[in-house]
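Below you will find one chain, with nothing else, as C-alpha cells; this is the form predicted on its own, and questions on how it binds or moves follow later.
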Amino acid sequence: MKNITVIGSINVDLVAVSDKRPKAGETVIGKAFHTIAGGKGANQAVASARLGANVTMLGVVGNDTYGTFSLDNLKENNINIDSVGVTNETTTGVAQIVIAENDNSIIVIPGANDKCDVNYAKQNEKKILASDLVILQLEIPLETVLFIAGLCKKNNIPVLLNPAPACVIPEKLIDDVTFITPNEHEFELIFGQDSNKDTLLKRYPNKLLITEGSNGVIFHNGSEIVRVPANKVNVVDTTGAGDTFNGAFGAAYINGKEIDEAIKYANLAAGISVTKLGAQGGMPTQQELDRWEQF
C-alpha cells in the first residue's frame, strides 16, 4: 500500500461555541466548550487515514496531558506515530477557537510544534524518503518546510503544501512542491493583493489549486482554467474543512485519481466535514463518503 507522510503540527483545540462573536473588551455568554484533538498536520493525517490511506505522522508534542491525548487520538485513527517526538522543553501546541455566526476565529499557540525543526526532519529522513506523498503545512518552522520540500524534490517525491497559516514564502518553495492549495485569503497574502489570479493559475498549471469555500476550487489544467464546484450542505462548523480537503486530495492522488477527480473527491469530503462539530469530528470515512455519493 502506498504511504502518505504528514509532517506538521499536532495541537489540542479548545473550542468555545457562541451565537455571537465578542468584540474587543466585550464578554458574551457561550453555548458550549469542547476539547478536541487538532493541529493542521494531525487533522490532515486523520482525514487521509479515515479514507483508507496508510499514514505516518511526523511532528512533536509536549510531555504533558495534551500530548498524551493527541497521540492517543492519532493511534485511534490508525496513524503510525512511531517517530512523533516528545519534548520536555515546552507544552503541546494549542489552538483557541471561537465558533460563532457560522464561522470561526482561531489563535494558535505553537508550543512543541516549533521543535519540529530541521534537525528533527534530518533524524527522520529515511521515513520521508520512503513516502509516496508528503503533506506539509505552515504551523511548523518555515525552515523545516523548505528543507523537506527541497529533499523531496531531489528525490522525486510528490509534495502537497497547504500554505496555512499564510505568510510570504520563497518562490523556491512553490517551485519545489507538486501542489499548493491556498484559500482566497491565503492566496492574497502569499502572492499579493494585486496579483492576478488567472495569470498565476496559468503560471502554475496543475499545481496551484485555489480553494474558495462554497464556490469550490479553481485550477489551470494546462489548457484552461477549470472550476470544480463544491457540494451544497448544511453548515455546522467550518473548522477543518481545508484540512479535510487536503487530506482527502492526498488520499485520492496516491490512489491514481486525475487532478480534477481528486478535487471532486476532496470537495465531497470537505463538504461532509462541515456538517458536524470540530475539525476532526466531521471528517468522513470512505464508507460515509460512498453513502453521500449515492444521493
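Only a predicted model underlies this, so the values are computations on that prediction, with no experimental measurement involved. All residue numbers are counted from 1 along the displayed sequence.
From this point on, the text means the form predicted together with alpha-D-ribofuranose, which you will not see here.
Listed stretches are 24-32, 50-58, 257-265, 236-244; the contact stretch with alpha-D-ribofuranose in the model of the complex is 236-244, by a heavy atom cutoff of 4.5 Å. Put simply, of 81, 97, 152, 173 only one has a heavy atom within 4.5 Å of alpha-D-ribofuranose in the model of the complex, and it is 97. Among heavy atoms of residue 108, some come within 4.5 Å of alpha-D-ribofuranose in the model of the complex. Among heavy atoms of residue 11, some come within 4.5 Å of alpha-D-ribofuranose in the model of the complex. Residues of 28-44 that come within 4.5 Å of alpha-D-ribofuranose in the model of the complex, judged by any heavy atom, are 38, 39, 40, 43 in sequence order.
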